[in-house]
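So this first bit is one chain, no partners, the form predicted alone, shown in structure tokens.
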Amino acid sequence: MDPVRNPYQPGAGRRPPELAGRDAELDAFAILLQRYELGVGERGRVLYGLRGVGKTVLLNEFQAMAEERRWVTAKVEAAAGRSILPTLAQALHRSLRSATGRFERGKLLGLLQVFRAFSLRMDPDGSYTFGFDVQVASGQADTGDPAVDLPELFAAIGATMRDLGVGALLLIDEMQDVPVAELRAINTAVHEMGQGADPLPLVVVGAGLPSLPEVLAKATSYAERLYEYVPVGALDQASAHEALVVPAEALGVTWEPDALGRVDQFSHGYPYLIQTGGKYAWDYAATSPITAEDADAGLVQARREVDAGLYRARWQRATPLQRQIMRAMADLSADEPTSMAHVAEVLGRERNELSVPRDQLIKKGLVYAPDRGLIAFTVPGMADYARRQPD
């Protein structure tokens, strides 16, 4: 079949042609937006799950939903070992510039003055030009201490949005990588905004690895009450089939049930792998319907792609000892969490010898700690790849 018309779109953060299995999350967020507009308020959301389950896609959908309602939105991605504040200032700058074209500038003036004070602290050398020709607010969001500045900035944003009859949405991807002091400041700001009888309409939505709820709780003890925690996992079989069948049917192409089953075995319901399997099955099919033989041929190439792109880069970032740990994890429990004590036993080492390489694997984003003493892969299918590597 024509590869140009291939509807499947594997890739990091790319929206699939059919966003199957996520209606509950989208409906709940639509309600959240409407409640804030009524002045009722809601907790923000924290999406957590393995890589490749579609968390970033959901963040993008949330942003689009908010913008359709004329909300001011800003989306940032945290990076390990780096402050998120300069990136946040740049994202807010873009969103506020857009807002000045939609709302009366005079109603934004006070917020722009506070934002300029904040941005000057974030970019004292002027390497990023924020370009708002307004006076700097004195004594607001200008201390350089995120624990003070972020609550004041968020309060200014929320109060202005309330006066405009809309809201503001801040989306933070890879939230587990936000430095602890800044994460604590974000939580403090969210906490303060929700304490009044009239909650300020600024919503924070974060996304990250399964360890994110624990990371937030360590930053502030009340974090478990600040957000609604939403696990994002693999799709059930019906939703996985919908993700494959609906885009194909729109182009007059059908799937044989056995072909869908082959992609099920390859993807285990993970959206990124579903899109990859669908893409190559389509390319290897000569005509409709897509058969099991087409899927088998396509999935050989799909496996090569995910090995080369998704798994190999992660494997190569690990040291020889870290690879031994991952290989032991794979042999012990595949993609399920396993005990570090068992890993140490398999490797014939004392557990404390593995503490440093374990922590380094976590910092590299290759594994996470779902509970005390346990460890698991962050990427579905990594165990299979590790088992196939030479000793």
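As the structure is a prediction and not an experimental result, all values here were calculated from the model. The first residue of the sequence shown is number 1, and the count goes up from there.
What comes next is about the form predicted in complex with a small molecule, which does not appear here.
- Heavy atoms of Gly381 never reach within 4.5 Å of the small molecule in the predicted bound form, leaving it off the interface.
- Mapping the unseen interface onto this chain, Ala12 counts among the residues with a heavy atom inside 4.5 Å of the small molecule in the predicted bound form.
- The small molecule in the predicted bound form is approached by Val53, whose closest heavy atom lies within 4.5 angstroms of it.
- Although the partner is absent here, Val57 lies within 4.5 Å of the small molecule in the predicted bound form, judged by heavy atoms.
- Residues with any non-hydrogen atom within 4.5 angstroms of the small molecule in the predicted bound form fall in just one of 271-279, 93-101, 257-265, 141-149: 271-279.
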